[in-house]
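One chain is shown next in structure tokens, namely the form predicted on its own.
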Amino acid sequence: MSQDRTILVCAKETPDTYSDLSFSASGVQFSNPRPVLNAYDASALEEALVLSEAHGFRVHVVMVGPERASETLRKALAMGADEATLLTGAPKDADSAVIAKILAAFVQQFGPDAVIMGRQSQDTDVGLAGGMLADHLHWPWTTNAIGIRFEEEAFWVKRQGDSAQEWIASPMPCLITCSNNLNDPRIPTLKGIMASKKKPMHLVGIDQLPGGDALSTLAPATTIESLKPMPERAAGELVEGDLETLVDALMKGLASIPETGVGS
């Protein structure tokens, strides 16, 4: 395969969700404020690297974020990506719709053969950016990938549905969103870390993209009015006795559940 073929991995910088958190009027505070590469995107990057090793794709990683995010993006290069671009200047509190429009402008200018990204981010779990990006590009889109292979000029995606798994063939160019059950992302080696310092890292303002003036003034379509921790669950009740007693207790318990609480 020609080395000119490229997989573009869209990545996001997120807080380390394994750290302790607290809530206040200003939002969420993490005990470890150092950001990390979104776990779902790390799985997408790992799969892109595997495809690169097997078929010769170049792997380019793009991220929307502030200049300080270059440190997180550098980890993608240390894992094995060939090149990276950080898109700066996004509007404050940009939501999925804004991010998708910015990425669409970059993808249209860049022209990759495929875009691979996580199905959602580990901080908000919204999972909308991939579908919105595919819609802007008018590309075939496969979700929740748990396996990807490249055969006969197409990407074959094994996806996890609600009750079964299926294989879907997507011609190039296409977009694939990945489950974090797809693989175990590699840990950068010392050699990879040293090599990453010499790999191209581009800082591009979104005003330099096609339609950049409009991108710079985009406003999020959603706003967060408040954040609060989930309420603690009420303690369970242990019921002992014969079958009739247990069934009677179960029926009384079910009858006490508000209608809005069932299936919520």
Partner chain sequence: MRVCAVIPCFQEELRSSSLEVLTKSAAVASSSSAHVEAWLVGPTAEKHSSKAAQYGAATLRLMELEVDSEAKGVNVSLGRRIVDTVDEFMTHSAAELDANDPSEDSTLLLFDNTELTKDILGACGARLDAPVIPDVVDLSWDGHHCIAQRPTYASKVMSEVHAEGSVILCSIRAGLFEPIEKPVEATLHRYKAPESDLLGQVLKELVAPEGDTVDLTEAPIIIGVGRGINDETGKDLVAKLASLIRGEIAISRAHFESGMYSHTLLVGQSGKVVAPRLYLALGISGSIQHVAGMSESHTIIAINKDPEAPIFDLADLGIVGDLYQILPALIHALESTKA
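Computed from a predicted structure; not experimentally measured. Residue numbers count along the first chain shown, from 1. The term rigid core refers to the most C-alpha atoms you can superpose between the two forms while keeping them within 1.5 Å.
The next section is about a form of this same protein that is not shown, the form predicted in complex with the partner chain.
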| item | value |
| --- | --- |
| Any non-hydrogen atom of Y40 within 4.5 angstroms of the partner chain in the predicted complex | yes |
| Partner contact for Q165 in the predicted complex: the partner chain, 4.5 angstroms, heavy atom | yes |
| Any non-hydrogen atom of A90 within 4.5 angstroms of the partner chain in the predicted complex | no |
| 4.5 angstroms heavy atom contact with the partner chain in the predicted complex for A105 | no |
| Stretch from 78-86, 143-151, 187-195, 110-118 whose residues place a heavy atom within 4.5 Å of the partner chain in the predicted complex | 143-151 |
| The partner chain in the predicted complex - contacting residues of 81-115, heavy atom within 4.5 Å | K101 |
| V239 C-alpha moves between this form and the one not shown by 2 Å or more, core aligned | yes |
